[in-house]
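Starting off, we have a lone chain in the form predicted alone, written out as structure tokens.
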Amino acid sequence: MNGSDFEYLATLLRNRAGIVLGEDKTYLLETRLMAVARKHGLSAPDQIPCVLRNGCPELEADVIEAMTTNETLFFRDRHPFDALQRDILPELITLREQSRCLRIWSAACSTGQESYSIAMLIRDFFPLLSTWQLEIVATDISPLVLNRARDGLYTNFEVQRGLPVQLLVRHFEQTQDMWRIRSELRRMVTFREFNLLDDPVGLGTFDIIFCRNVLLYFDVQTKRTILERMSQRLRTGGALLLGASETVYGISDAWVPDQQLRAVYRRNARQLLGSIERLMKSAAPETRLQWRAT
């Protein structure tokens, strides 16, 4: 693949999915697009840019699908789930005891292991929440992996990665040589197609946001935009959970690290106050008086 074709594909992937590819990723690009080329009747990946330049939405979707990393497993990096069980959920249950409503966002959920891990934890340790209005919203850019997640059907290899055997027995049903998560847990999760490059305002607000092991694929400006938009979607007292190798330092001042919990972030109250003050200054005088009165 020549340099101009690689640059065309790299630009498309950056603009449509936030995926950043350096020139050292040419081999990776060609390898992953081999099957895509064959699917569309092309002899080699280097023919893909020519077809895309003439317009082919199906091919573009398949290119993005092929280049999206969907690595995941149940209870990945156990620490966030321990923090959720011991600290985050008990605190939020106290804060939300009047509204009795909790919403959790699993961003870039892939084939659903993270969102179902959250559902299992809530089912096992917080039976009180069965009487609450509880919603786990799991999103991903890929329709293919979302269909798999909705089915809740996993191979022996997938359920052996991070899932204790007692949870397998309790929450799954065996279907021939596969395992399907029980229907009551599948009903706890709503899967939606969503691109993290888009504004999540349509998803509503959340008490907890999982955005783990996905920001590392984006450039700094894209990370900043995603983090700042997520800060606007988090309700007071809520928490953002990132991957162990991810951070907000040097990227966004919309968040501050939790002082006790690793890889957990809270909304920066000072930054939020500054945003409100800027809005007040730009508002009409009568609106400013109303805000001050409230």
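Small disclaimer: the values here were computed from a predicted structure and weren't measured. In this text, residue numbers run from 1 along the sequence as written.
Another form exists, predicted together with a small molecule; not displayed. Remarks below refer to it.
Student: Just one of 122-130, 153-161, 212-220, 172-180 has heavy atoms within 4.5 Å of the small molecule in the model of the complex; which?
Tutor: Result for this chain: 212-220.
Student: Judged by heavy atoms and a 4.5 Å cut-off, are Thr72, Glu114 and Leu196 together in contact with the small molecule in the model of the complex?
Tutor: Yes, because Thr72, Glu114 and Leu196 each have a heavy atom that approaches the small molecule to within 4.5 Å in the model of the complex.
Student: Since exactly one of Leu84, Ala108, Ala149, Ile136 fits, which has a heavy atom within 4.5 Å of the small molecule in the model of the complex?
Tutor: Going through each option in turn, the one that passes is Ala108.
Student: By the heavy atom within 4.5 Å rule, which residue out of Ile141, Leu185, Leu102, Ile88 makes contact with the small molecule in the model of the complex?
Tutor: It is Ile141 that has a heavy atom within 4.5 Å of the partner.
Student: Heavy atom to heavy atom, is Ser231 within 4.5 Å of the small molecule in the model of the complex?
Tutor: No, Ser231 sits far enough from the small molecule in the model of the complex that none of its heavy atoms falls within 4.5 Å.
Student: Within a 4.5 Å heavy atom cut-off, is Arg76 in contact with the small molecule in the model of the complex?
Tutor: Although the small molecule is absent here, Arg76 would touch it in the model of the complex, with heavy atoms inside 4.5 Å.
Student: Using a 4.5 Å heavy atom cut-off, state whether Leu21 contacts the small molecule in the model of the complex.
Tutor: Contact with the small molecule, no.
Student: Verify the contact flag for Ala17: yes if a non-hydrogen atom of it lies within 4.5 Å of a non-hydrogen atom of the small molecule in the model of the complex, no if not.
Tutor: Residue-level check for Ala17: yes, a contact with the small molecule.
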